[in-house]
Every structure is written in structure tokens, then in C-alpha cells.
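Quick heads-up: it's one chain on its own, the form predicted on its own, in C-alpha cells.
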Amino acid sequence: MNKEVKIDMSSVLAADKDWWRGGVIYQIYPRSFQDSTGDGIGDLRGIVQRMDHIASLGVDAIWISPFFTSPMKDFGYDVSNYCDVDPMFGTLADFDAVIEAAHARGIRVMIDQVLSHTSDQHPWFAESRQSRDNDKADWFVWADPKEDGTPPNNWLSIFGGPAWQWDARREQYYLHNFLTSQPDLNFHCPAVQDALLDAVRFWLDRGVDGFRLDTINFYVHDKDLRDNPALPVDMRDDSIAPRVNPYNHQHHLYSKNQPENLAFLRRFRALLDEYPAAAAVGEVGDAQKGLEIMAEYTSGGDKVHMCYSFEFLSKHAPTAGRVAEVWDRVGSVIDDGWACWAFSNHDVVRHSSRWNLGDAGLRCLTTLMMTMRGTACIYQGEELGLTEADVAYEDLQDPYGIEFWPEFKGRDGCRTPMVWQASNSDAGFSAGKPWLPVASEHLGRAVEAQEGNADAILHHYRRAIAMRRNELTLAKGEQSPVTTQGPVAVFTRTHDGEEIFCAFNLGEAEAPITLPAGDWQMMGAELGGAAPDATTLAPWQCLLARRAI
């Protein structure tokens, strides 16, 4: 009788230190993924229940948005305990079950780390605000008022209004780049950095494979608290904050992007390097020089492994010209750094609605993402082609949307529950009333409805991800600059004696295409790609071909 041999997948996963180069990450917003208890809020056990769906996509890792203890003023991005699970999401044992279920399927687990600020209910802040001379008095950014009692400088909050909140206990202002209930930590204090790295180590020891670092360029502020200069009207960009937010009126030279941040990132990387294959991706929130910061933070192999900025999370549709423009900037600033590309996440309008895309456009852009150099990050529901949900004002949960309604409706529209079943008004997400309503227009795109349809966009995602995983040239290879042939974006990928030609018609009309002379073999037929002898591409069609070099 043959004895079953159990493979230690944790050891297998740890063996590939460079898994993140060219990998595919699946973002889970846990409140909206799967509810296992019937309270209408997704949880960690729900993620375990749906792990087979994640595995079926062929992704390398999951990124789980915050599940830590929190008053939930910003839905977990206001942490009151870095080393525990909020009861809303379960327990530490439930998190261990997520690790076990993911690793058993060859999937790595990355978790959000919100290091720039805490909740005002965190014990650190509760102590810090008591006096100017307690043990944690300088753990947060405190400043005296000006002589007239106004805030110490002109810095603004992303969530609207001044970035300073008066505290009567200390008779000082504290800095908050986001909600007033999210005080900023003082990274100029060595003890703060030590405490945060201890929390990072806690999760590494628990088995996580990496981190997504929230607002990575906000960690350090200017010690001298200098005023930010005004930003000329023609330079204002609403990719980070909505157009109606005065945050866009400033050039944030001093409230973020400080050079001292590099020293902390080196400490962070040194800690991760103690573990076999841990990796981190940073979120760079900057409208003026996001790619430059990405390059700086990922260069040299001694800071974070990869970063994403907002070039493809913005309202600007990825026309051939736009893709070429982004890659021209990438080529000019990124040397040995590494980009992570995303079209949607929990903070922006879903790209199907943001760019007014039909299924053909969604398929083409998915294939484009899986052929570009870098790491790819997809957001739950994206694989179903979900649109932005229209959430009524009375159902809004997001304080950002409530503040700027109706000109900006906030982030609830991309956070509505995942749709698993078309026959259930709650889409198989919960046995109770969901915390946000299920969009009725999403039901026809439920996982259950798409599984039996070989032409569904869900299967296109699976095929595109499989192609990337199976083709080392696409995952690890070099990339040429992007050129344009009318509405067609063209580039090549090369690796180890192979060249792959990639062309994408990103327009609504048929367009001519010219393939360089050579012995090209067709790729991507399963993705609707054209043959190498094609002279035109249909709207939203790609042409992928390979040859030896």
C-alpha cells in the first residue's frame, strides 16, 4: 500500500525569494468578501471558505486589507491594536486558518500595514495626549499653535480641511493626514519605529509572507513644519483626492515624501530579509511625482521590493498614447526598481466604470496587465467584470463620501459585497443583511453564473494569469519602450533568447498593425489574440507572438 506523502508547502513557498517579480496578487477587502457568521460583515473564516475560488485564478498571493482591532471610523485603516484581530473579523486562530488554507494551495499571504497613523483610541495615543512629558509624549506629531491660536502651518487633510486637530489636554495641535481620529505617528522618534517593527515581526512570526504598506510616502513629516507651497492650477491633478477637495491646491513638499523615510524603509527591509521570502509592496500616494518616488523606494535592493502609484488608478483612460507616456516616464526614472500595476482597488472607482469599458475592453486590458513588466495586482470582483455600484446616500458608510457628497460619492461603490450566487438577493455573501447593499446589476455576473460559461470574463482572467505564470519572459523579462501605431500600443518582452511581441488595440475602431519581419509563432489565441500574419486588429484585440533571438 502506497503511503501518502504530504508536501510542506510553506517550505516550497519559502524557496522562491523572487516570487514577487512578475507575480500576481489578489486583493481582498475582508468586510465585503464572504460573511461566515451571518452578521452582514465579511470575516477571516469567510476568506477560508472561498480560498478555492482564489486558487482557481492561479494567483501567487493574496493581500488582505486591515482586519486589526479598530473602532472602524475608516474601516480598519484606523488601528487601535496592531497585534490582534478585531472581533468583527474573528480571532487570531481564524487568521492562522487563513494562512494554513492559503499555504496548502500554494498561495502566499500579504497583509496591510498601516504604519503612518493609528486610531485615536490606540493606547499609544491615549497616553501621548495626557501630557507633554509622559513616556509617549513625542510618539505623535504635536505642535504649538501660532500666536493667534491657529494651526502651526497650512497642511491639509486628504479627507478635507486642516491636517491639524486641537487637543485641550496638551493645549497643542496634533497632525492627522486623514481623519481627525487618525493621528499621525512621529517617525522622528526612534521608539516609534522600534514599536512598529515589533508589530511587523509579530505577523512575520505568525507566518505571513509579506505586506502592503499603506500610504508609504506619508510616514515622515518635515521637522520644521514648513508651509506647503500653492500648486498652480494647471498642475492640479485629482488622481489622489477628488477635484472638490482643496488638498489638490497644494504641492505637498513638506507634509510627506521626506528623505528621512529612506532610513526607515531600510530598517524595514532588513527585518523582512531575516525571513525566507517575505516581500512588501508600498502604496505611493502622490499626484506630482508618484513614479519618481516608486523608483526611489524600490531601488538598490535595500528598501521595499515594489511599489504602486496611481498612473493606472486615475481617471485617465489607458489609450495607446497614455500607456506609452507612462512607460516613457518609467524608463526615465526606474533603473533597478520594480513597479506593481493595478487598475482597481478599494479606494477608486472600479475601472470598468471609470473608463467606461465593455467586456472587450476589460479583456484586452487584463491581457495588457499580464504582459507588462512588473507585478500585477487585481481587486476582488474585478475578475467578474464588476462595475461601480451606485450606493444611495442613506446607505453610505464611507466618511469620505459623506463629507463630499454629491460631487464625490466616496469609496463605497467599489466596496459592495462580492457576488457569488445570482439567485440570492445577498449574492451568497451573507445570511444576514450586508453592511453595504448588493448591487442588483452585479447578480448576473456572480461567480456561479460565470463558472459554466467558457466565454465569461472570469475564465479570461484565469487564462491570462496562467499565460503569465507559464511564460518566464512575461513574468521576469525585460521590456522595451512602448510605441504607438495609431490606437495600438506596441512593446516587446525579452528573456533568455526569446522575444515576445505585444500589440494592443486600445481603441474602438479597427486598426492596422505591422509585425517586424521574422519567424513569429502565435501566442494568446485563447485570449482572443490575432495571428502573426494579421494586418489589422479589431477594437480591443491583441496580437501576441514569440520568436527565438
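Quick note: we count residues from 1 along the sequence shown, nothing fancier. This one's a predicted model, so the numbers in the text were calculated from it and none came from an experiment.
Here the subject shifts to the form predicted in complex with a small molecule, a form of this protein not shown in this document.
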| Location of the small molecule contact in the predicted complex, chosen stretch of 475-483, 122-130, 370-378, 178-186 [non-hydrogen atom, 4.5 Å] | 178-186
| request: Give a yes/no on whether R363 approaches the small molecule to within 4.5 Å in the predicted complex, heavy atoms considered. | output: no
| said: Taking any heavy atom pair closer than or equal to 4.5 Å as contact, tell me whether F159 reaches the small molecule in the predicted complex. | reply: yes
| the small molecule contact in the predicted complex: E283, any heavy atom under 4.5 Å | yes
| field | Interface membership of H346, the small molecule in the predicted complex, 4.5 Å heavy atom rule | value | yes
| said: Just to be sure I understand the contacts: of L313, A339, A464, V114, which is the one whose heavy atoms reach within 4.5 angstroms of the small molecule in the predicted complex? | reply: V114
| Listed residue that, although the small molecule is not shown, lies within 4.5 Å of it in the predicted complex (heavy atoms), from R350, K256, K303, R415 | R415
